Each structure stands twice: as C-alpha cells, then as structure tokens.
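The data below hold one chain only, encoded as structure tokens and taken in the form predicted alone.
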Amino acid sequence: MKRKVKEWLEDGTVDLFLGYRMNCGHPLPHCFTKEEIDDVEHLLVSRTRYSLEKIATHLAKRDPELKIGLLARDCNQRAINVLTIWHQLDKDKIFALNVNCCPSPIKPQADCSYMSGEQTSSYKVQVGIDNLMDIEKADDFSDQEKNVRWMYEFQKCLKCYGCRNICPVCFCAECTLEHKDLIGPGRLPPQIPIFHLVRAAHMAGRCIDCGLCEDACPMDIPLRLLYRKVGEIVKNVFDYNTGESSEQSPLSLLGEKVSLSLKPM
C-alpha cells in the first residue's frame, strides 16, 4: 500500500494523498505529498475513522484541478459515489486505495471493524432505543411506544451539530438545520423532534450508513438506526441503493421522474 501511494505521488497520478499517521499519540488524517514523500512510510491503516472524502471535497472546492488520492473503506467509497453524482467530486480526479472492512452493497461479506459496538445500558434498552437494534425490532413497538422511546432519544440532543459536521455527504451551502424558521437559534435543547426529523429527511438517498454521525454524537442517540430506516424506505419505494455506483442519478432526480409518472393524464 505504501509503495502504491509513493508510485502515485512520484508519477503524478495524484497531487496529494489523504490517509492517517500518528500525531501526538493518535492516528489522525494526514496529507501526504511528493515533496515529503518519505512521510509515506508513516502511513497507517487505522481502525480510527474520519471522513477523508469530506476533506477531499473541501480541497476540490479550493482547487478543482487537484488530483486527490485517499484511503477508502467500503463506506468511504459509497460516499465518494454519492459526492460524485452530486458533483461535489470529479471521479476523474479522485483515486481511491481500497481497504476492505465494511459489509455493504459493494462487498457484502466484508469484515466490519465498527459494527460490533458495546452493549447498550439496561436503562436505555428499557426506555429508549438500543443502538444495536435492527430495524425490524424497532418497528415492532406500538406507535405509542415508538413515539415515547424516540422522543426520549431526541430530547438528549445538545444541538452540537456533530452529526452534520462529520457526515461525509452533508455539503449544502446553506444548512436547513440553521434556518431560524425551522430550528430556533440559541435554543438548547432544540425543539424535538424537528431537528432530527429534518436531518433524517435530508439523508434520504444520501446516507451511506458509515455510522460516523453516531460515533460523533456525545449523547449516544441511535442516529444510524434512524437513517437506516430512511434508507429502507428509499430502497422499497424507489429501488435505490445509495452509494452503489457513481453512475446512478441522484435520488432527487429519480423522485421527480416518479412524481411525473404518477400524475394523472
């Protein structure tokens, strides 16, 4: 892997490579360049996960001609596909060095390093939503119990925006979560459940199930399960597998076509 990164930098395949290296005892994102090519020896394939593709979108905005290489687990590759179809990244200028880890539509049998998790506390299991619960079990609750349990989770929110900020496919120039008519500025906690339902709606056709939002949440809200449910609806209604390919249309365009086809003649 290190040899491949050096080759890419030396022959000009990429102008820089996004990966990880140790910094102050922690594996953190690092930009490797040809000018400091010996640093590639410090490249790590760490279980620590950051949204390298989101860093790539910021770099690409500053210099659209920049050729960027990056380490890509399956979830990173799905995010790259989504960002490509939304014209946030140019697929001809992104070079992914794939690291197999996550079960996904791309590699269903892959070994995932972050899905085992720790057992949820017994209190949370009794009154809230177990983060390790599958969609079917969460759907088995009565409507009233669903409402009580999800409201318990949403009322813990600190409106820190960690879920949005870490998300690799959040790229809107103006964020609805900061719209004063929807989400009151300065209000803590935010009015529930508006904050998370607005974001869940925006995740339809974008969420690539990387789990970074839940990792970043200081209140342990089961965001991944929420967005998985949204993804299930998208799959059932539109037969749309988010992030499966960089050639598919954005869900918004597919939705417009479906809406037009359903209009009465």
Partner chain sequence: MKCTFVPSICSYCGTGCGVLFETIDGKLISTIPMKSHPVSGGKLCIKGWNLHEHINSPMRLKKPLVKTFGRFINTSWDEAIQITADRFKDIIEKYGPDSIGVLVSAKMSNEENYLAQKLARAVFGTNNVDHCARL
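Keep in mind the model is a prediction, meaning the values are calculated, not measured. Numbering follows the first chain given and starts at 1.
The protein also exists as the form predicted in complex with its partner chain; that form is not presented, and the subsequent description refers to it.
The closest heavy atom approach of residue 50 to its partner chain in the predicted complex falls within 4.5 Å. Although the partner is absent from this view, residue 160 contacts its partner chain in the predicted complex, with a non-hydrogen atom inside 4.5 angstroms.
Proximity of residue 98 to its partner chain in the predicted complex: non-hydrogen atoms within 4.5 Å are absent; the residue sits far from the partner. For residue 41, no non-hydrogen atom is located within 4.5 Å of its partner chain in the predicted complex, even though that partner is not displayed. Proximity to its partner chain in the predicted complex, defined as a heavy atom within 4.5 Å, singles out one entry of 37, 237, 28, 45, which is 28.
Only one segment in the set 87-95, 152-160, 71-79, 138-146 has any non-hydrogen atom within 4.5 angstroms of its partner chain in the predicted complex, and it is 152-160. Remark: none of the three candidate residues (83, 192 and 233) comes within 4.5 Å of its partner chain in the predicted complex, counting heavy atoms only. Contacts between stretch 6-27 and its partner chain, counted in the predicted complex as any heavy atom lying within 4.5 Å, involve 16, 18, 23, 24, 26, 27, listed in sequence order.
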